Ligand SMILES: Cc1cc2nc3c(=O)[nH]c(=O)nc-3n(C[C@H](O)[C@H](O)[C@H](O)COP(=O)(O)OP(=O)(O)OC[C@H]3O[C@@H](n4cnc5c(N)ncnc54)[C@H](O)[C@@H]3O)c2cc1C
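Take a look at this one chain, the form predicted on its own, written out in structure tokens.
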Amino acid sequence: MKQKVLILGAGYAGSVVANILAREFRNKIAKDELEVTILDKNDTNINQGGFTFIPFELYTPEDITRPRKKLISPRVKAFFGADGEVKAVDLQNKEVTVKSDNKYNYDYLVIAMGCRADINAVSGLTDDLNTFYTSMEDAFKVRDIVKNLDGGKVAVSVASMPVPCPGAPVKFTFMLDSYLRNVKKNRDDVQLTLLWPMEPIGPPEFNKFVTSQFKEKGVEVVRNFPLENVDAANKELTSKNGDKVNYDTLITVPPHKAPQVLIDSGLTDEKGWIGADKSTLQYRGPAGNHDNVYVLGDLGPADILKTGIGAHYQAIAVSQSLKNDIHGNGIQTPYEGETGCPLVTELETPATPGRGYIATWKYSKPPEAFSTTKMGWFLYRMYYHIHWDISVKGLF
């Protein structure tokens, strides 16, 4: 009988799994012994990590978008729009329904639909929402704010954890400091504050380094400030602890949770995330334990860090486990928590070299001491250009 692998979400993780399976099983697919199908409501792939750079005009929309049909192997059956937008997921009957009411059955299911901003979770946030996290349009709105920023109190608020790419607001704050200092040359007129929802900013060495850099650059950091309320009329933020901060310009990273369709399908936990075994990434949640269902990327459990690097390594591990199972040996390839956080502390400007670094770690191996470098800046910038032809296609 023909085996069916169904992948929900054609973003980074989903595309990597689809492309690896298409290469490994090209003969089985040609003989109609295996079918790999991927679903998504949108036919354009956006590298959302580029949203952090859009406000500083370092990338264009063309740099960080590609048609999905150019990224996914033609051996994969790909459905977008109404035939790809998931409407319901039934793990008991191994069935997924899409917006057009078509139904897809599967033997193996990969859920890689990403997560979404939950803007209404913070009272008043919609009254003064400026964020580079949610869309290209919103990132350009922040670009306009940055270009026209002449002074005052600027607050960069991370409302709560977890969020995708938790290092991005740190990176944004450093780049904003550098932009104001070296491009607009009005940094002395701006009081720049990062509001962080917990005590540490990442693992110990990461926290140690960014804390020292913020102090050196005169950036105020207010920790343990989970955002409760935005009073846009009085330009005042209130934390869940009752602390208050005033601002003139607000940039926010909203709370996030899994797509509503997965919540409505009864797959998520009480925090709005999909539970999975931290090693095998197999589904473990209110819908039961399903060894044939894998959870990847930003919608996974809250205790698995949500980064692009993490999504890549998760996709590699799950692809290998699927290959093993389809080949009949049943060996599970563990995900060992491989992840990382690219960091930029200085933009490249006529007056300064760019400085960056990509800190990496695993569950059992925290990051070691590091510093940002000029070479790190170039390597990180270069990655955005090789992402499309190497990473998304699962070639490493």
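A residue's number is simply how far along the shown sequence it sits, counting from 1. Since we're looking at a predicted model, the values are computed, not measured.
Absent from the display: the form predicted together with this ligand. The rest refers to it.
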key: is_contact(Gly356, this ligand) in the predicted bound form, heavy atom dist at most 4.5 Å   = no
key: in the predicted bound form, Lys171 touching this ligand (heavy atom, 4.5 Å)   = yes
task = Give a yes or no for Ala18: in the predicted bound form, does one of its heavy atoms lie within 4.5 Å of a heavy atom belonging to this ligand?
result = no
inquiry  = Contact with this ligand in the predicted bound form for Tyr335, defined as at least one heavy atom pair within 4.5 Å: yes or no?
reply    = no
Val86, Ile304, Val76, Val183 - the one with a heavy atom within 4.5 Å of this ligand in the predicted bound form = Val86
note = None of Cys165, Ile72, Leu194, Leu237 but one has a heavy atom within 4.5 Å of this ligand in the predicted bound form; the exception is Cys165
request  = Within 4.5 Å of this ligand in the predicted bound form, counting heavy atoms only, one of 25 to 33, 42 to 50, 323 to 331, 363 to 371 shows up; tell me which.
outcome  = 42 to 50
key: Contacts with this ligand in the predicted bound form, stretch 1 to 36 (heavy atom within 4.5 Å)   = Gly9, Ala10, Gly11, Tyr12, Ala13, Gly14
